[in-house]
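The form predicted on its own is given below as one chain in structure tokens.
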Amino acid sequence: MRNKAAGSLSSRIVLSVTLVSFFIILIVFLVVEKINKEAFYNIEIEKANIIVRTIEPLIALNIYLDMSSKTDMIALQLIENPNILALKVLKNGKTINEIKSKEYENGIESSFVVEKNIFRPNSKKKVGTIILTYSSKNYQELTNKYTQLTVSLFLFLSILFLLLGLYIKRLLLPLRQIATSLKNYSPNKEINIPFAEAHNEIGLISTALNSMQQNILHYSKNQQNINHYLEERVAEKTLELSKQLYTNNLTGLPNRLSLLKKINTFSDGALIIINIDDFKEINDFFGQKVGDTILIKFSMRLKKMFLEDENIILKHFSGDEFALFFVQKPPLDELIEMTQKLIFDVEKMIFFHEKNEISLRITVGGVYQIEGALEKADIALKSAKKKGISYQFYDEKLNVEGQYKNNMEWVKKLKTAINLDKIIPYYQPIFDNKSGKIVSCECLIRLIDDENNIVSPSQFLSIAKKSRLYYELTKIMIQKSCHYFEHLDCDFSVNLSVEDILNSDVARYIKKTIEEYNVTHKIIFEILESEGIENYEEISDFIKEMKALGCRIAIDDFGSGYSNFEHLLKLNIDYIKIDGSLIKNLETDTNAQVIVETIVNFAKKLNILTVAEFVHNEAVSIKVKELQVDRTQGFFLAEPQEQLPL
């Protein structure tokens, strides 16, 4: 019984030692596996973070400059990396760029997502967010391989300890020493695992761990090489993008952004902007390719002219615009003299295309200060072009900045009025001079401002044309006027500019709207003669199309500035509206009476009705009737009003 008990006790001791050893080995390997998995995971996450940190400044700059195409280019280059699955760029919470790899679109099991805020260049103001989806494929493969190796070793040692249970106590101490050495393990640091030279199971374990450690070190070095390669590639692409950003692609000269960057590094200097006059005509006549060739040759000649002066930096903004930036500005009289010589030298330049000689003329705008140099030189250039002079230097008396500010404020008011439906028509009756009855009404645009004041078109219509809001105003007037007269038994007229008629989108909208409200036989289109009608064929086609629908046509402001009776012969019109400049002093101005009488007689022979505009008193009204003008419109009879007394 004692032998059996002893044997049983021995078995229990062996079994106990074996189980304890078994669990110790299990814990050791689980710890090692966890450490390695965390290491692999951190490596992959760090790679993704490096990529995001590298591209964030470029994307921030592109967002700030509204250059979404550059962001697309960065994304396309990144997505070539098989580990990058998707890239999304958000601006103000909205996606502006998103690109996905085929693997991502086909569905992936797992990935890392790295998110980083985008800040405006040289500012802490957040402008967007980058979201990078990075593949976890490498991480999974490494952890799977490591798990397989761990399991294999674990099984091997488990079997070994079951067979050699009696030696558990002897083997336990070396295993603990090995475990202790593994506590300070790092993938990038080689540690000394003891008992590697032993010719027993401990030696095998140590050798296996050393081999595993070498594999991990090898992988870590490879990852470092890959990261270094990626950093170099990103640096190369960054340099390439930077060069593209600050260089004109055609001439290779520094561009406008380069000038802005350069100006910020100097406390003083001068700037002149050179604009080639009517360069569009060269492109239209000879073609874009010839135009580009001339720009390249022109830039080379400018470069040669100022090659020896290190104080002058030549820039090429875009197209036909160049600039000279003076790092140290010369005396003003010398700068003006240099500008005059530049204009003279350019006019002597001859460029050849086949057998054609092409010469250039330039207009120059300059500024003799560094603060706001680019904007002020632009203002001087535009002022010179407007005056028809060859150059001008910025002067505070130009007050162009004030005009720009006023224009911008009105553009903002116009946009607000359009969005809040505060563009409305007012209606001014037109009276028949024989019966005295209202025969039609002119629809006149008005704007309701923030204080509910009614604003006349003289304050905003010209600005609307410059800001491209004019076509929107035309559409609003057409729709609201047609809606108002849809069920009224009265003709009405709407003003159209030549630009409205030549705009195919506006022309289509007009036709669609008048047919929708069934007012084709009520509406009269007033075309402004004062704008100059040059596109006879297109204007005539529009008139034919409208008259085929039953519409009528009037020539407005006839007699303002110069009048072309050829308009009346070429265009099939129904009414002539005589301009107010002839009508306002008609009772006393004999010259105006002769002109009006001539217009009336000419119109009657062509069966065209005449309308006198701006009749403001009784004397003028009587004179209009004496000259046999058919209809009258003006404040003397009725002012424009929101509702008609019909």
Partner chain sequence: MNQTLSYMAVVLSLVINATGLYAQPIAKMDDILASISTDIQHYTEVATVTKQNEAYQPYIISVFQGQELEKLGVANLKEALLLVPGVDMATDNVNTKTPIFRGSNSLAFGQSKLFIDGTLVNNVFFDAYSEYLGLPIEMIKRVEVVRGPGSKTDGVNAYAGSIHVITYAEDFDGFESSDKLVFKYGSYDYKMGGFVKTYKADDLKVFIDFYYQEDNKKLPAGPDGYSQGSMSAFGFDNTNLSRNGDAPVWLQDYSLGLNLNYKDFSVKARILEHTQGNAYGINLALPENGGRVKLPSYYLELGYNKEINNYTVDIKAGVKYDTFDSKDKLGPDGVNFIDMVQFDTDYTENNVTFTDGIYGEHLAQQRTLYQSSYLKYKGFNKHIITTGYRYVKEETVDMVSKLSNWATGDAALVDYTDIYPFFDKNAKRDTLIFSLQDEYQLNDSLGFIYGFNYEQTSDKDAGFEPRVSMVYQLDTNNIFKAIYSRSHRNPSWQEMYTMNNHSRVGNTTLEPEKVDAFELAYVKKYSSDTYLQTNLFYLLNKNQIHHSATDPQYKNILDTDLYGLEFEYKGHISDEDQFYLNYSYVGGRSQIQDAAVSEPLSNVSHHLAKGYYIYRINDSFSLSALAKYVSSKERASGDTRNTVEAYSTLDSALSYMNKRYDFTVMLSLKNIFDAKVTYPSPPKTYSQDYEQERRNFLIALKKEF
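Positions refer to the first chain, counted from 1. Remember, predicted model here, so these are calculated numbers, not experimental data.
Not on display, but discussed next: the form predicted together with the partner chain.
Distance criterion of 4.5 Å from any heavy atom to the partner chain in the predicted complex singles out Met73 from the list Met73, Ile263, Leu488, Leu182. Put simply, of Leu342, Leu469, Ile216, Leu78 only one has a heavy atom within 4.5 Å of the partner chain in the predicted complex, and it is Leu78. The partner chain in the predicted complex is not approached by Ser581, whose heavy atoms all lie more than 4.5 angstroms from it. Using a 4.5 angstroms limit between non-hydrogen atoms, Thr54 touches the partner chain in the predicted complex. Proximity of Leu58 to the partner chain in the predicted complex: non-hydrogen atoms within 4.5 Å are present.
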